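First, one chain by itself in structure tokens, the form predicted alone.
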């Protein structure tokens, strides 16, 4: 009887595992199918317009060549996006880590109130302030062709409010490290740069990746600020302009090629930094 019961439980476990694997396989196929379609359509030089066919009518690299020729503004959009993402990545990482270190290591009046206040503010969707931000940028002349510095200004303005993940990681580091360095005569700045930062590689890489990806993939606010001016567009807003009714028949396949090119930097970063990214997320997910 016991042996039969054991076999029954083992059979149920196998059935459950098979069902789980089949479900995960179906979900993976559904998830990856749009990317496969985008990739295959990017090589279609026989039909540059919209099509439900997955496989190219004529295989070639003409759409990728078009992206990097003088006849397309893709390079300008790509350069704008890279500059925005790079500057925001550096400034936002510096501001977030500085804020996180202060909130983790120092105790001062209104500290708890400040943390809770920033946390509550961060819960409001960003699009609620989009109209106000647009009007402010328009007033100081940072829209249209000058949208790039305007976008950088907005993206880095509230960088310190993203402190909570980094602070959670810093809370796991013993304060005895700071105290030992203070006894040896180090300043707070030296402790932060020479003692704390070398121990924060996982969360530092996590912050760099998230700071870079935010402006890299932004479309709604970037399109609003650029006002359709190609000189101020980022790559998402620029590629979207190719989907206009008067352009989509000639630019859908190049649009797919542009999507592939845009995805490459993020894919490469994740492939090389995936280990540290996961460590940063799990290391920062503690209550501070």
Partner chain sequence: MKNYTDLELLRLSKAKRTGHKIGVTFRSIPGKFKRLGIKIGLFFKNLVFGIGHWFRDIALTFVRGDWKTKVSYFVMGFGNVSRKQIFRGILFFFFEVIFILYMALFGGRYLSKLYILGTNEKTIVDGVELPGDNSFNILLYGVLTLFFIVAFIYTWNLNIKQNRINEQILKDQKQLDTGKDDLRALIDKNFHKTLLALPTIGIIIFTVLPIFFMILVAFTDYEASHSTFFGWVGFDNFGQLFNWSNSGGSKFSMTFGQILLWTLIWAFFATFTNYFIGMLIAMLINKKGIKLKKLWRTVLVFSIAIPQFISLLFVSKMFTTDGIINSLFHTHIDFWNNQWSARICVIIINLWIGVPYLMLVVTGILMNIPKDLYESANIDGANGFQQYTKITLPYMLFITGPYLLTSFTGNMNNFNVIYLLTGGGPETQAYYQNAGRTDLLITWLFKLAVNKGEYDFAAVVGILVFIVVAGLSLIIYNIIPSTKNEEEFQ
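The term rigid core refers to the maximal set of C-alpha atoms that superpose within 1.5 Å between the two forms. Positions refer to the first chain, counted from 1. Just so we're clear, the structure is a prediction, and the values are computed from it rather than from any experiment.
This protein has a second form, the form predicted in complex with its partner chain, left out of what is shown; the following refers to that one.
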Give a yes or no for residue 95: in the model of the complex, does one of its heavy atoms lie within 4.5 Å of a heavy atom belonging to its partner chain?
yes
Contact flag, residue 251 vs its partner chain in the model of the complex, heavy atom cut 4.5 Å:
no
Exercise: residue 31 in contact with its partner chain in the model of the complex, heavy atom 4.5 Å
yes
Partner contact for residue 133 in the model of the complex: its partner chain, 4.5 angstroms, heavy atom:
yes
In the model of the complex, does each of 47, 104 and 201 have a heavy atom within 4.5 Å of its partner chain?
no
Could you tell me which one of 213, 115, 83, 90 places a heavy atom within 4.5 Å of its partner chain in the model of the complex?
213
Pull the contact list for 14-52: residues with a heavy atom within 4.5 Å of its partner chain in the model of the complex, in sequence order.
16, 17, 20, 21, 23, 24, 25, 27, 28, 30, 31, 32, 34, 35, 37, 38, 41, 51, 52
Has the Cα of residue 25 moved 2 Å or more between the shown form and the other one, judged after a core fit?
yes
Would you tell me if residue 264 moves between the shown form and the other one by 2 Å or more at its C-alpha, with the rigid core held superposed?
no
